[in-house]
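This document contains two forms of one protein chain, each encoded as structure tokens and listed individually as structure 1 and structure 2.
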Structure 1
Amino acid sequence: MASVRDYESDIDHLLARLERRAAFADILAQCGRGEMVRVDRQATRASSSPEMQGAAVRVWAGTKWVEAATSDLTLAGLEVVADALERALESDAVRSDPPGEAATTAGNSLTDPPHPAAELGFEGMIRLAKDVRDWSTEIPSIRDSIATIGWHDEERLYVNTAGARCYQSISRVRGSVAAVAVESGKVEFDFRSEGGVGGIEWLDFLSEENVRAVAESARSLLTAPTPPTGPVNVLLDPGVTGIFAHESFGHGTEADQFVRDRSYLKPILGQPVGPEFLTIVDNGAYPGGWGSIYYDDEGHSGQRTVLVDRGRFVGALHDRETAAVLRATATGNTRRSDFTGRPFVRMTNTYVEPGDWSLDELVKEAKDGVLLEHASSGIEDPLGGQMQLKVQRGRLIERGELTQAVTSMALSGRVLDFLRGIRGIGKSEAFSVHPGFCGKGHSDILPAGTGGSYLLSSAVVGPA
């Protein structure tokens, strides 16, 4: 794979040319590639993602941003971009500084695992995926199992005319298993997925013991009753807690929504929203997190941003423009899906920080209700403050004890009501960050981590 470093001198040449004409310019150059395998009953599929390379170039034209992108990182390709941007600059004679403070960060950061996932090759990934499928289908009633394994390596180089120069190389690895159980015409499934920044150590969870446990869980759902319906005490497992964090204080805290008056959270900034033991953060610097970044796409370092501090809503996620409008500081959350996408304020790893309750204590505190396990999806309404979380399975809580499994369900309600109802958060031993993807609307998909420990509140639930 070509490296953005191979084109660094040409990128610098383009930046110097633009600096003579514009008050500010920046360039994000990107190279990336990856591999993925998928094994199920019908087929074994192996695919390589196309080697993506290119650059997004942005200049401040006096009253607005003007952008252009190219997939040609040679000097000739970059000169074509420069010609187009200079023509745009000629149409606006106003010369002023762009809104917000430009980053001046300089750094080089690389993911350097002892054993990169690329070492497996297609043969190694297919061999592991077939083992996963075989282990699953040895369990009675498991008709099929889908195993996926993939990795993606990406470089990004950000430079600007204020002096920022940020190079990062990130390796992400992800695996999953989904077991499908069939009996007497009824179909159920369960799954497990893990991933993060690093190497093949992220695939260690695909052991025979863990895979068989997923298959047994899918099988148990064939005879499980439906979940309760209506308002109940709900205990979220760590993965569901993470989806809750993402949906409750996710898009609603992306400050471009504040600027557009599209967030229900804007009027309550600074106010209490939950108990004093509740802290929610977005952390682009979380070690190994699926959504972790070393630098954002405006040159700010990935960092921990507190959204809810001891029950009080205290912060939002900012790029340079929203920080200027709202008199805040950029938080390292400007992200492009790739060089063809726009820069948006985006989440990285969003999670509820652990508390001091054991799982047994939370179950006893709930008395009666349901434990929601294995989050499958979530949606939110950043303007109205509603959310819905879907899970693949659960367990009843009866008289302070975990009892039988129940089938898939959905949790819904107002975020602020759910927050005020939180009664306990699990210890750090159960804390984890899970891999996922998030779009701005229905596009610009990016890796985003979600996490937490067990969390007890109340909400309305029903079959999904």
Structure 2
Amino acid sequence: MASVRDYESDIDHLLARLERRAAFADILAQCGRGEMVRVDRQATRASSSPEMQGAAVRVWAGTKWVEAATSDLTLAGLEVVADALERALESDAVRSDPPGEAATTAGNSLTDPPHPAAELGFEGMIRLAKDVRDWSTEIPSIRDSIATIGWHDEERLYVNTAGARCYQSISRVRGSVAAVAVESGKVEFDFRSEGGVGGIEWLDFLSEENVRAVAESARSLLTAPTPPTGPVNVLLDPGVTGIFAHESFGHGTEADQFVRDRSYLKPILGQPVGPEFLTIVDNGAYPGGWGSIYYDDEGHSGQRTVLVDRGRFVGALHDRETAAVLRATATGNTRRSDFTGRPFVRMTNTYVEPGDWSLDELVKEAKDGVLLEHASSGIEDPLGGQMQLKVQRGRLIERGELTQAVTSMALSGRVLDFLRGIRGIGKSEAFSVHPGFCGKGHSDILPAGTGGSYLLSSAVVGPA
């Protein structure tokens, strides 16, 4: 398929045209391609990612941004967008610079793994996925197993009238297995999913041992009791800790919500929020992270931003506009979901840094409670500061020991209470960053990494 670079001269032509009419303009052009296979007991399905290409064009109209976009990257298609923007500018008499400092970064970065996932081809991906399905369905009571393997390469070219020109090509690889157990009409399932920026090394976790463990876990849920209901000590596994860092805490640090006065964290910037051994960061430069980017969609480099430093809430995530309003610096977190989505302040890879507790020590510290495993979702509440995490399974903690499995549950509580209640964080051996997809509100879905180690606190849980 075509590369965004094939259209670069036409994009420059468009930018030059807009520069004559507006104080500032920028363009984000995008192309993508990828492949995926999905194998279950009934079907083998191979598919290509949609061959999506297009450009988002933005100009400052004196008091607000005005944007247009097109999937037609030819000069004729781009001119249609320019015509629309020029018409919009006619009604705004003010010619002024937008808030904040424009990026002037020039760069050219691409993922270059030793073994790109594309090397596998459909045949290689299907072969591995069939192995995964077979290992899983050999376990008694496993009625079905869904194995998915996919990769996606995306190019983005960002240019603006201040001189920024950033080209990046990012390869993301992801695999998952879900085992469905059925007995006497009861249906349960469990899953495991991993992925990141890079190549086929991200699929190493799809081993026979790991896949069988997922299937055994699904099977065990058929006879597992429901979880406890009410306030309990909760020990989060690394994946659940990551969802907490992102959904419960991270969304409140997106500074566009500060500007809207829609963050429960805004009034407490600079204050302690947790124990001294708690550090939370967002890191767009995390090596191999699912949410890693070389540049954001305003031309700033992806970077590490400390949000909570040894228990103190010290930083927020900024685009150029929020940085100007709040006297901060842009942090490389401006992201568009694609060329049709508006730029928002977004997270990249958000995680709780590891501590120095072993899992055994954390279980003993909890004494009684529940271990929440295999995060399946979470949702933010940036103004209210409430938290909702859902997990596929758990294990009871009784008298300082991990005991029987329990079925899926949701966790609820106030984020600040949860942070203050943290009693221990697991060691780096258990630390991992997981792949996920994040929306801003209910739209604009994009890849985001979430991570951490084990984490002990207390909250309300109930069946879900």
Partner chain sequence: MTPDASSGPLAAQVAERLRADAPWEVFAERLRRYEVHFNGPVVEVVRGPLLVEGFGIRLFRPHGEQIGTGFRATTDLGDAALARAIASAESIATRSFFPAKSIALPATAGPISSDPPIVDAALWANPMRRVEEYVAALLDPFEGLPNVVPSFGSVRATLAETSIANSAGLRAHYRHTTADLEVAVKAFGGPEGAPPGEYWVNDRVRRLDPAAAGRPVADWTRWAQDARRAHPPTTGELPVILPAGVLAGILPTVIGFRCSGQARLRGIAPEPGTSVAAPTVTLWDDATLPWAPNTAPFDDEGTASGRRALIEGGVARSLLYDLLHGSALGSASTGNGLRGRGFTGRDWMRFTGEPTVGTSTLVLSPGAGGTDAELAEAAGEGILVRQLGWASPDPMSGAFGGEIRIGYKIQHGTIGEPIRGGTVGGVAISAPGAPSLLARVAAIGSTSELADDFYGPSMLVRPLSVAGA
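Predicted, not measured: the structure shown is a model, and the values here were computed from it. By rigid core we mean the largest C-alpha set that fits within 1.5 Å across both forms. Each residue is numbered by where it sits in the sequence of structure 1, with counting from 1.
*Asks:* Of structures 1 and 2, which is the form predicted in complex with the partner chain?
*Replies:* The chain shown as structure 2 is the form predicted in complex with the partner chain.
*Asks:* So that I can tell if residue 162 moves, could you say whether its C-alpha shifts by at least 2 Å between structure 1 and structure 2 after the core superposition?
*Replies:* The answer is yes; the displacement is at least 2 Å.
*Asks:* Taking the rigid core as the frame, does residue 66 move its C-alpha by 2 Å or more between structure 1 and structure 2?
*Replies:* Where the cores coincide, residue 66 still shows a C-alpha shift between structure 1 and structure 2 that is 2 Å or more.
*Asks:* Superpose on the rigid core, then tell me if the C-alpha of residue 407 is displaced by 2 angstroms or more between structure 1 and structure 2.
*Replies:* False for residue 407: its C-alpha shift is below 2 Å.
*Asks:* Once the rigid core is matched, what's the CA displacement of residue 12 between structure 1 and structure 2 in angstrom?
*Replies:* Its C-alpha moves by 3.6 Å once the cores are overlaid.
*Asks:* Superpose the two forms on the rigid core, then give the C-alpha shift of residue 21 between structure 1 and structure 2 in Å.
*Replies:* In the core superposition between structure 1 and structure 2, the C-alpha of residue 21 moves 4.4 Å.
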